[in-house]
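Below you will find one chain, with nothing else, as structure tokens; this is the form predicted on its own, and questions on how it binds or moves follow later.
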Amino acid sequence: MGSLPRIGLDRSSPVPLYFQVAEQLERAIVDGALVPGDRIEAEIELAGSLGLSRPTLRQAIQVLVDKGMLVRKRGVGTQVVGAKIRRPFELTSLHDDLARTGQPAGTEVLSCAVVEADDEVGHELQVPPGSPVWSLERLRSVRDEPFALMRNYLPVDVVDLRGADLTALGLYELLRHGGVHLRVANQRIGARRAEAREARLLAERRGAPLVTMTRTAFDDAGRAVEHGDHLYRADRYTVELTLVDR
């Protein structure tokens, strides 16, 4: 059973008590005080210790079940399954988004080399096929759990990746340091099943569902400066959109 953080309730606040509990439990999961596999004590005991009714406590738990952070299992109880990586639909990098939320991330550079652009990469980067481009593949993890496999291609005259510490710096951060101003991107979100190598790297089973993200980013002069083809574990990743009525 996980060690629950001290939960403080402000009964004079307009914020509902169930939401106060859910918010503090979510923060404990995000901060790592509660980790995947930890069990939450029985609802009736937790409700009693907090001076709440059981329906109020159940409502708080349900908020996190709906977010995919807790799961109820018959005969086991309520367990932590981990916080999903939630990204806004903006022109930011995964490194930027993780840094903004304070989540401890790690990066393993699997390959970084100059290669000849194939037809697809040449089309996306607006260079002739066979042109030299940087090919970069990285595995991104949070709390030592892999969740993203990222492949990126960049024209060689946009940035020099030789000697760049891509375990500490994000790719967009490196571009900004080099004076590249990203302005707009074309992006597609999809899904497919994991192939054998992808499943092994992402600690998934072969054929597991993965979220796909393909993006080509352009600078403020309209030049294609980066093309990415990323894979994310579907159980750890969501994209957030804000929709506006016309």
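So that there is no doubt, residue numbering starts at 1 and follows the sequence shown. Owing to the predicted nature of the structure, the values given are computational and were not obtained by experimental measurement. In this text, rigid core is short for the largest set of C-alphas that superpose within 1.5 Å between two forms.
One more form of this protein, predicted in complex with the DNA, exists but is not displayed; see below.
Answer range among 43 to 51, 29 to 37, 185 to 193, 202 to 210 for contact with the DNA, defined in the model of the complex as heavy atoms within 4.5 Å: That would be stretch 43 to 51.
When the contact criterion is heavy atoms within 4.5 Å, does Val76 count as touching the DNA in the model of the complex? Yes, Val76 lies within 4.5 Å of the DNA in the model of the complex.
Is it the case that Arg72, even though its partner is missing from this view, gets within 4.5 Å of the DNA in the model of the complex, heavy atoms only? It does: once the DNA is placed as it appears in the model of the complex, Arg72 has a heavy atom within 4.5 Å of it.
4.5 Å heavy atom contact, Arg58 and the DNA in the model of the complex: Contact check for Arg58: yes, within 4.5 Å of the DNA in the model of the complex.
Indicate whether Gly222 is a 4.5 Å heavy atom neighbour of the DNA in the model of the complex. Gly222: no contact with the DNA in the model of the complex.
Using a rigid core superposition, assess whether Val71 undergoes a CA shift of 2 Å or more between this form and the one not shown. Where the cores coincide, Val71 still shows a C-alpha shift between this form and the one not shown that is 2 Å or more.
With the core lined up, does the C-alpha of Gly222 move 2 Å or more between this form and the one not shown? Moves: no, less than 2 Å.
Using the core for the fit, does the CA position of Leu17 change by 2 Å or more between this form and the one not shown? After core superposition, the displacement of the Leu17 C-alpha between this form and the one not shown reaches the 2 Å mark, so yes.
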